[in-house]
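Shown here is one chain on its own, the form predicted on its own, set out as structure tokens.
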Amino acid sequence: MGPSPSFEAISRRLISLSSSTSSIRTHHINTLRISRTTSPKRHFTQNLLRPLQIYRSTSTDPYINLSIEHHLLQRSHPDSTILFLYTNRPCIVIGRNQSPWLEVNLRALADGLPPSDSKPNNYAQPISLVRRRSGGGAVFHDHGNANWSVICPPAIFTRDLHADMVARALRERLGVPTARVNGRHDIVIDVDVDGTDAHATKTFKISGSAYKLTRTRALHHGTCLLSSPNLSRVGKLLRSPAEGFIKARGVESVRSPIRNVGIKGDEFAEAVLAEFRAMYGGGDISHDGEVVVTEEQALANNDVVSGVRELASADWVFGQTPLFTFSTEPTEEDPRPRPDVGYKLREGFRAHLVARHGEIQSVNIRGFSGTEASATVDADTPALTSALVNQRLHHTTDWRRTLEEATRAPVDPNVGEFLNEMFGIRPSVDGKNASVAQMVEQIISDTPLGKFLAQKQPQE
């Protein structure tokens, strides 16, 4: 069967784009395979002018992989088309316009995952929190999840074009016959729910997508659940206890039933590579057309390091959060009934807080005093406002202490613990609390990347 009309249109457009730029070679990919023995000083992106490029990262660090991707987006020729494949260690990746306080159970994230079967010990596996530069919703990554990214000219971009490419790879090369792209541009599969009746099926999401469009480039990246051992934990990690109290601007995630495909990572990568070659380069493009990027090579690139520093900073992870309102009572803008949180709070307790870019814009908290005798003190809104407005929410370490210092009144411990849970602050260890910013920074500092960043001074 010949290529579909959309393929022909794409091919004509690529030929037109390529022929208009003498610096781009229009024949098949002939980039250099870079091995671990290659000097890290040699940049891995020496072929950014080529019309078609394929990169695979051996790093599993999400900050590094997203920064490699951003480097390719910014530095590649505007008429080129790029495929980038990678796998991340356990992390939660939120969209550019999302609130971590709404999308993520920050306490569960701090608790980590159970020790790995391959590395049994008494330590939980850490989970990183990452804010990507593209839009879309929150997703969980681990070693059983593959990530794919296509960067292309905006003229050929559609939201389904490369999702269809991955779905074809699953259907035609990996034996997943029901894989398809749905109306939300996700890749889904149909599964026989009882194993006997072919008509009793349920649809599961296996791949979500996000996009970043610039004047000269279009980025479409997605995930694919292959063999994650943590599917049963994803729901808890991506469900904030403050969800029923927060109304946010920006993008809220849409939950869907998820499922593993049951395919090995290498098999998935080979199938997607083959489909990309068939779609853009013909069958004569060999594996010699791939660039394998090691972590060492990536961190020898100043653009990548600058990108990593930005993504790994608390000012980016939390400080880019759009405006949101936290309220324990229904409001005109958010009339939803509030959930029962299980805390024994005083009947008169009320909390209303507005934050933008992680900074408190306004706050009104009442009924938090620990004794009836001091009940009038917590009505001192000007003192509370003066103490908390313009403070960074992600730097708060303990709400009970914060309220006591602001009003010089005893605070009901239940109020302090309730607000701590809502905003992701873990119970104190040895009498010490850590802010969510400190939590994220500590997880990074314990990784090889964290040690690298501590040793390498930022460039002026």
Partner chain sequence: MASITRCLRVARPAVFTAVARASASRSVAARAFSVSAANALRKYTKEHEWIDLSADKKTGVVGISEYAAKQLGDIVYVELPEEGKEVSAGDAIGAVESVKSAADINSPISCKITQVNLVLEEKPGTINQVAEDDSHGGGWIAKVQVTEQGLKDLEGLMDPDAYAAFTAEAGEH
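Just so you know, these numbers come straight off a predicted model, no measurement behind them. Numbering follows the first chain given and starts at 1.
Omitted here: the form predicted together with the partner chain. The next part is about that form.
Taken together, the three residues R350, V363 and S386 lack any non-hydrogen atom within 4.5 angstroms of the partner chain in the predicted complex. L113 falls outside the set of residues with a heavy atom inside 4.5 Å of the partner chain in the predicted complex.
Residue contact check for G307: none of its heavy atoms lie within 4.5 Å of the partner chain in the predicted complex. Although the partner is absent here, L213 lies within 4.5 Å of the partner chain in the predicted complex, judged by heavy atoms.
When the partner chain is considered in the predicted complex, A108 lies well away from it, no heavy atom lying within 4.5 Å. Of the listed positions (R249, H143, R346, R171), a single one reaches within 4.5 angstroms of the partner chain by any non-hydrogen atom in the predicted complex, namely R249. Interface residue among P257, P337, P177, P154 relative to the partner chain in the predicted complex, by the heavy atom within 4.5 Å criterion: P154. Comment: 96 to 104 is the region of 273 to 281, 96 to 104, 229 to 237, 79 to 87 lying near the partner chain in the predicted complex, near meaning a non-hydrogen atom within 4.5 Å. Counting a residue when any of its non-hydrogen atoms is within 4.5 Å of the partner chain in the predicted complex, the hits in 290 to 323 run Q320, P322.
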